[in-house]
Structures are given as structure tokens and as C-alpha cells.
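What follows is a single chain, given as C-alpha cells, in the form predicted alone.
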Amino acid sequence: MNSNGDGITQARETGTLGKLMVLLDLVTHADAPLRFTDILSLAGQPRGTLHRQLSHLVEEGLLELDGDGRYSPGLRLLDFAARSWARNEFRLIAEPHLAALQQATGETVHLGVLRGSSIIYLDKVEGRQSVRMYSQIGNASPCYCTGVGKAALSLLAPESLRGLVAGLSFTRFTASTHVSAETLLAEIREIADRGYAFDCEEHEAGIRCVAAPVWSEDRTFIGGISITGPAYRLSMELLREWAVPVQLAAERIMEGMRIRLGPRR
């Protein structure tokens, strides 16, 4: 079971909408469907109130209840997600540039945005020789061990960066994962100087990437794009060569943002 529940519950303790959002977060982030008793222990709400709220969410199609009494995300949530994804202007602007980068390299290309201390993947173009990876559209990954995440962090002002890093709980996913603020901050400074980042098997063993930062003029969008693939195919020498095309793609996406999303008169 996903352990995000405690933080979600603490973040929104009052208000009907806030409590409903807690329940949606708990169910959608769980590794497997949850029973009523699981949600009761995680949500910290009275049994009667919880039962009513879950019933409302099921009636609205936001959650589904199977014959074994387990709750899972409802089809209406999938519809919301699909419509939001399809209409996301950042994704639409980036789409042709991601496709061109994938065609040029043959490897998987990602577009992600920084939200808190996580990278949320907005788009993914599979490589011609795809290798199974954790990343999926809508998934969240830690910012400190992904190329897109570290590229995005390099855009933050020093004070904001230090504050974000100070609040991280480092998890060692592989032998290469950063587990201290000092080593992460040192690498972010290098990334800021050169303009691109690497993921050297830091989140998934056997997976490498090169990433470049992407941002909107008002900094409401801070994220990055990356070329990702298996380490046996993507040598560090090759990733350094691909730093140029990934940076060029990032620049084209940002130019598209300036044209399409700039001030309207």
C-alpha cells in the first residue's frame, strides 16, 4: 500500500471538499484497491462520515466499489484525466518537438513538470526499441534522482532550491541515488552552469537519460524534457552528444510557449 496517506491527511484536515480529495488521493495513489477498513485507518475520519463520503464518490463515478468491498478509481476520473491531458497547452506545444527528438534518437522522450518535490510526467514518446520503465503519463517521480527533475531544480532561485532540498526525504533507489542535500546541491550547480542534466541509473538500475530544463516566461511552468534509454545502449559519451539536440528541443518548446501563451492584447 502506498504510504502517501499520512501526508495527504495532514495537508487537508477540514472542509467537505478537502476531505473528499483526501479520499480520492488515498485510493488513486494506493498500489492496490483499498477496503473500507484500510481507508478508515488512513483517512482519520469518523466511520459514519467516511461511509457517506465514499458512497457519494461511488455514486458520482469517481470511485468504484467491487464485489469484494474494495475501492478503486472510477471511470469518471479517467475521463477527467484524459480531457485534461488532451487540452494541456504545454503538452500540445511540446508534442511535435518530442516526436522529432524521438525520431532523431530512436529512444524514449519525456516531458515533465515540477510540482513540489516531484516530477509529473505530462507526455512520453516511446522509443523504437522500448524498454519497460517506471515512467507513465501522470506518474510522479522524485526530483532528486531523475534527469528531468534535476534539470528543473537548476532553474530555481538559490533560496527556493535550498528550501526545497531541505525538505526532501531521500530514498536510495539504486547505488547511484543522491542521499544527501550536499551532493545534490553540488550537482545542481553543475547542471545550472552547463544547461543539461544526467540521470546515471539513479532512479532505475540500468536506465540513463540526458535532460534539459524547460520553463515559461512567468515561471508557472518549470520542468524539462529528456531522452531516456537502457544503459547498455546509452553510453555517457552518447548522452553528452545528445545534450545538444535535447537543449535545442527545449528551446523550441519555450519559443512555442512564448508565441502561444504570451500576453494577449
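A quick note: this is a predicted structure, and the numbers were derived from the prediction, not measured. Numbers follow the displayed sequence, beginning with 1. By rigid core we mean the largest C-alpha set that fits within 1.5 Å across both forms.
The protein also exists as the form predicted together with the DNA; that form is not presented, and the subsequent description refers to it.
With the partner removed from view, the residue among 233, 219, 35, 240 that has a non-hydrogen atom within 4.5 Å of the DNA in the predicted bound form turns out to be 35. In summary, the region of this chain contacting the DNA in the predicted bound form, judged by heavy atoms within 4.5 Å and restricted to 42-50, 24-32, 222-230, 203-211, corresponds to 42-50. Using a 4.5 Å heavy atom cutoff, 16, 19 and 56 all lie near the DNA in the predicted bound form. In the predicted bound form, the DNA lies beyond 4.5 angstroms of every heavy atom of every residue of 199-221. Taking the rigid core as fixed, one finds a CA shift for residue 23 of 2 Å or more between the shown form and the other one. After superposition on the rigid core, the Cα of residue 71 moves by 2 Å or more between the shown form and the other one.
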